[in-house]
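A lone chain, given as structure tokens: the form predicted alone.
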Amino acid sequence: MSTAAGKRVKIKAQKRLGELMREHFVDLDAAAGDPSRKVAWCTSVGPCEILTAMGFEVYFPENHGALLGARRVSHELIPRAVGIGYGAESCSYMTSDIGSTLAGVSPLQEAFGIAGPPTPEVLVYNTNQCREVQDWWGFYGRRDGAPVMGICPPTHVGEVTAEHVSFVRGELERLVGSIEERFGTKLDLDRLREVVALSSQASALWRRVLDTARAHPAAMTFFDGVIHMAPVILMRGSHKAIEYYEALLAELNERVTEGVGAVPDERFRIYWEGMPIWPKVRELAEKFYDLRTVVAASTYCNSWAFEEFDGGDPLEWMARTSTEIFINRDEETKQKFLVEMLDGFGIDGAIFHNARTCPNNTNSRFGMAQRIREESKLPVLVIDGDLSDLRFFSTAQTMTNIEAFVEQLAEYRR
């Protein structure tokens, strides 16, 4: 099969993804109503393996924030959070999620026929992404009378040293002790090792899925990635995530073999740095498709592509991976990673998303975009927007800038 005819080929595995998502959320809803089961909330790059190993069903509020953005309702809900004292330019995942709770609405109602997120018995965070998660979880801890616990790894790290890992491992041990004391249970290290191995395997498969975009033409795009990354976040530590990525990888490898591109007649290859613009994912995907330009790689989707577990100390693996993630590193380390990605994926130009309410995952504010332009000798565009809040995004201006940027790529290539 070839893309010469200019026809888009849908990813068949997406049907199974929809089924998995429904099964996941319906089961979470059932767990919340079953006194024999326990529900924990956790950050997306947090210590979810510990919670799974200790018998909790795990819910990830950041996913709910992304769903609110994708359904284009965040801007209606954020004012409710502002009304009780949350800043209008605070994380829009947080403010829209709190706003949805105050309004009593959730995209889970329409999508899966359930009332909304499950009530937590414990809320666990990791500030390796941002400090806002503490304040976000705190709202629900006060509302539900549930304990809020977490770890705070060192931030803006260059080389991750043994001392860093030892410190974070100690934080994880203290977290385990707090959960054990609160719930009268004990962590089985063999069970944790099993969960970490499953988590690592799903993560390794996810990396291989993303790497299919190294092919010319790319087998998938960033916009495919933000959809298909759901299992590696929501179902990490399960066999379901592994089975899904094995099937998806086989399909994408077949595309690579047969020369089937995600964007037919691919002309240019773009790197996306920063958060997705959830309310505009579909429109942006269509724009790049029309321009025969593939967004082949991103920092965001790689956030869950961890190093593989070697079968040793599971707490040490968790400590290292939670410290090594891109968002937690210093400017020099981030720049080195980005240059390697631009080279490895054969990128023609990079787009930096300046997400107004997410400074922690925005890397265009301190000269990084200019330094990348100088080092890589590639065109770079910075666009203004946000992960969820449409107040900060101009569709007309952004689409015009993207069109001009792609024309610049053509001129640059000539």
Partner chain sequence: MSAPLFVGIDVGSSATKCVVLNDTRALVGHHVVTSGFDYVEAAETALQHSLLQAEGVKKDVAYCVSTGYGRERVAWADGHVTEITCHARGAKEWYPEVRGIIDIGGQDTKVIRLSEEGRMVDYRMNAKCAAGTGTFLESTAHKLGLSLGELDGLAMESKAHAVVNSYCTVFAGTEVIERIKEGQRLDDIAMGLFRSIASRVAEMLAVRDGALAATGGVAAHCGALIRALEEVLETQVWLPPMPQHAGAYGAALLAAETNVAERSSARHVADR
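Keep in mind it's a predicted model, so treat the numbers as computed, not measured. Residue numbers count along the first chain shown, from 1.
A second form of this protein, the form predicted in complex with its partner chain, is not displayed here; the remarks below concern that form.
- For the chain shown alone, A204 is not a contact residue for its partner chain in the model of the complex, no non-hydrogen atom being within 4.5 angstroms.
- Although the partner is absent here, Q14 sits far enough away that none of its heavy atoms falls within 4.5 Å of its partner chain in the model of the complex.
- E57 falls outside the set of residues with a heavy atom inside 4.5 Å of its partner chain in the model of the complex.
- Although the partner is absent here, I114 lies well away from its partner chain in the model of the complex, with no heavy atom inside 4.5 Å.
- Comparing 45 to 53, 63 to 71, 378 to 386, 30 to 38 against its partner chain in the model of the complex, the single stretch with non-hydrogen atoms within 4.5 angstroms of it is 378 to 386.
- Site annotation in the model of the complex: the residue of I327, A247, L291, V256 reaching within 4.5 Å of its partner chain with a heavy atom is L291.
- With the partner removed from view, the residue among R191, R267, H164, K280 that has a non-hydrogen atom within 4.5 Å of its partner chain in the model of the complex turns out to be R267.
- Of the residues in 299 to 317, none comes within 4.5 Å of its partner chain in the model of the complex through any heavy atom.
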